[in-house]
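Okay, here we've got a single chain as structure tokens, the form predicted on its own, with questions on binding and movement later.
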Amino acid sequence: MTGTSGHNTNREAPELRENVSLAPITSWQIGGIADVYAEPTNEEQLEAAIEEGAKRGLPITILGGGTNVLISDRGVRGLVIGLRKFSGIKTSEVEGRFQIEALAGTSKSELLKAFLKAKLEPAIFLAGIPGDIGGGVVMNAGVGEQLRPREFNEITDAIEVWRWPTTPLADMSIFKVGRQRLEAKSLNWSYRHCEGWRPGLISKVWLSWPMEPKADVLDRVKAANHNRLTKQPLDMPSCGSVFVNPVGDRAGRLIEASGLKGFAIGGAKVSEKHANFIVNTGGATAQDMRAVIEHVRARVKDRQGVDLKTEVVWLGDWTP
């Protein structure tokens, strides 16, 4: 097996820090503090962090790449385990297929580089998609263009899911993190969604594509990146697309048709470049962002008769 980068083998437990601001590690640059925060770099550290959180009786929240989440201004209680450094990717060629084994926190950009180096077509749909590989599976991330492949379900072979007791044990010496490999065909894939693996944490992903190099892949990746830079406000903090496209339509079109481009509350604003992006123009709070999202949903429902669904994952304390 050859690798573009190897998995970290440091077995020391990660540092558990208190009162850590989560805003800097989210793409919206918004959110309160985590009571306790850990950033493991490998499987041993991840397991140690989970065990320590369980021993302390802390609720555990997993934060992936931070690109599709809105964290409450009040923060997140308990232990937050951030996966942005939980990365590593290995590649191989087996029976005519290019195969990848990756830790879930590996960025999609690293996945793109692996496919691009082999001149394979999955690199094209990955161009410009933010976040990590685990999030790509959870959201069945993809693009609207008619490409092949265009979604994660087309390149995913299997995932590894970790599960652990969520209630305190009388004897913590028997605490154990269980691991299960699930084949992709056993999961329930749909538009921007993947189920059949919860509860638990996706820790590792196996992906592949036929070893059929295309000479024009690099040019097509460059074109895709240019197209997205032209059409999307990638120079401002956002979470990417906020709303799921309704069947047969586009959320951005519906929002624009409702006269909402440029609508703002506080520092949260509907992008004038792409209406399905809500950007942080500076100093936006999570409550600002929530208020804009709710206003957009209400206006589109009233004007277009469509109830938009969000792609956003809401984390933390959102009680009134």
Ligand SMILES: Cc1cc2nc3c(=O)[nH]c(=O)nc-3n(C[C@H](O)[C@H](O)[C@H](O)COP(=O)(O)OP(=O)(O)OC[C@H]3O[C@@H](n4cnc5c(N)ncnc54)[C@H](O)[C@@H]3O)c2cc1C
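Because the structure is predicted, anything quoted here is derived from the model rather than measured. One rule holds for the numbers: they count along the sequence shown, beginning at 1.
Omitted here: the form predicted together with the named molecule. The next part is about that form.
- Taking the partner from elsewhere, residue 252 is found to have every heavy atom lying beyond 4.5 Å of the named molecule in the model of the complex.
- Residue 138 belongs to the set of residues with a heavy atom inside 4.5 Å of the named molecule in the model of the complex.
- Contact between residue 53 and the named molecule in the model of the complex is not found at the 4.5 Å heavy atom cutoff.
- The named molecule in the model of the complex is approached by residue 197, whose closest heavy atom lies within 4.5 angstroms of it.
- Heavy atoms within 4.5 Å of the named molecule in the model of the complex are found in one stretch of 92-100, 170-178, 206-214, 224-232, which is 224-232.
- Interface residue among 79, 184, 201, 124 relative to the named molecule in the model of the complex, by the heavy atom within 4.5 Å criterion: 201.
- Checking 163, 85, 192, 74 for any heavy atom within 4.5 Å of the named molecule in the model of the complex turns up a single hit: 192.
- Taking a 4.5 Å heavy atom cutoff to the named molecule in the model of the complex, the contacting residues in 140-161 are 141, 142, 143.
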